[in-house]
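First comes one chain, alone, set out as structure tokens in the form predicted alone.
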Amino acid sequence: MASSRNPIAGQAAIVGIGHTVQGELPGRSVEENAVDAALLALADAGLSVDDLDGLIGCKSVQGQGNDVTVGQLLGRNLPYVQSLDYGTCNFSLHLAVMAIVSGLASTILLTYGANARTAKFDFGKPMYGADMASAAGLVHISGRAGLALQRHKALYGTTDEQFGMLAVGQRQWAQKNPNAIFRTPMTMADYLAEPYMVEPLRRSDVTMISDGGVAVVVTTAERARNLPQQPVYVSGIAEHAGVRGEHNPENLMRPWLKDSAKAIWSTTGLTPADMDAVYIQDPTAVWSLQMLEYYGFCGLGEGGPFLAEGHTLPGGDLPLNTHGGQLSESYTWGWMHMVEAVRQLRGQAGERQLADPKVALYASSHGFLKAAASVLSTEESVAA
């Protein structure tokens, strides 16, 4: 239920999810992958293209897949179409909710498509424009993330064994997920035996590159009640940007994440203890370490011991990325995190299904620049 503190609570719901096979899809364009997923999401929602009045496209890492290119394949003129330059799923979801609350549209399709693997996209070039890190040769996110982990280890004494629980845990979850690309069992000994890729990061601490499409349908709470799938309500959204970049003190540690965390908890009136599952967009495992701390699931600097206690593993009391995340399932800028959160809240996650989850946090970020968080729930009025 909406309030002055949380005006979007319970007003919009996710009613459809769809995705292609994740991995290698040779010969398919970014837009074709996005539309393949879109048709699956619409079918899941019990809707057709004719039921839409909005489309939000997400530009892929290759700079393709925006609203006008995807819209041409869908074949309809629409009252509201928009694209995000960097559309990690959280930011696209927030834009859809705001469009619905403002009345710009009532039923919106959100799409993502990529073919970075088979199209051999060059990740060895600067992705954040001209900055000091790129000038120093740190053009890939793993270089900066490696420095961030080195800083965390120096400040708090985090060990390789503690940090490795993220990669090992994500692989354990992925073994229960038939959609995951990396499902081979991995022990801590296996992890520690991997050579450093960018010290102190090993290969399993960094996402793979994959092709695929993902789509989500978001509509009003009123319409959601009459559709076939259980609605998953958007109970709160928050963002905070650190766009001063390297002018921020300790920007490798991304301290502005705590401002997004503070906003999501104060807006919803919920706390970390209220979450039944957590989804953290994880191009590197460092992102999960940082966000577990900033969002208050453990104290600042206590992430290492917290992970070592097994809270985030299958059977633990804080299920994290139950699909295997981007370390083991696929590389989708967090879009499959949203799909998995919806599946879990619907009770449709198969072997990895949690015991009756009601509320989940989805936290994501755009590199070293901005953060977003959403609370999803099976109830319209979960907010305090």
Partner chain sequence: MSGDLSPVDDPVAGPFFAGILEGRFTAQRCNSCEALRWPPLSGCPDCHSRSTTWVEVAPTGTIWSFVVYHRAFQASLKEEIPYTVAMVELDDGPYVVGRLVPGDKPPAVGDRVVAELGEFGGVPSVRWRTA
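None of these values were measured; they are calculated from a predicted model. Numbering follows the first chain given and starts at 1.
Quick note: we don't show the form predicted together with its partner chain, though the next part is all about it.
Colleague: Would you point out which of 251-259, 70-78, 167-175, 216-224 contains residues with a non-hydrogen atom within 4.5 Å of its partner chain in the predicted complex?
Modeller: Of the options given, it is 251-259.
Colleague: Find out whether any non-hydrogen atom of Gly146 is located within 4.5 angstroms of its partner chain in the predicted complex, and reply yes or no.
Modeller: Result yes; Gly146 sits at the interface with its partner chain in the predicted complex.
Colleague: Even though its partner chain is not shown here, does Ser134 get within 4.5 Å of it in the predicted complex, heavy atoms only?
Modeller: Answer yes; at least one heavy atom of Ser134 falls within 4.5 Å of its partner chain in the predicted complex.
Colleague: Hey, in the predicted complex, is Lys120 touching its partner chain, heavy atoms inside 4.5 Å?
Modeller: Close contact is absent here: in the predicted complex, Lys120 is far from its partner chain, nothing within 4.5 Å, heavy atoms only.
Colleague: Find out whether any non-hydrogen atom of Thr267 is located within 4.5 angstroms of its partner chain in the predicted complex, and reply yes or no.
Modeller: Contact with its partner chain, no.
Colleague: Of Gln229, Ser142, Gln162, Gln82, which residue is found within 4.5 angstroms of its partner chain in the predicted complex when only non-hydrogen atoms are counted?
Modeller: None of the others qualify; the residue that does is Ser142.
Colleague: Are there residues in 199-219 with a heavy atom within 4.5 Å of its partner chain in the predicted complex, and which are they, in order?
Modeller: Counting only heavy atoms within 4.5 Å of its partner chain in the predicted complex, the contacting residues of 199-219 are Glu199, Pro200, Arg203.
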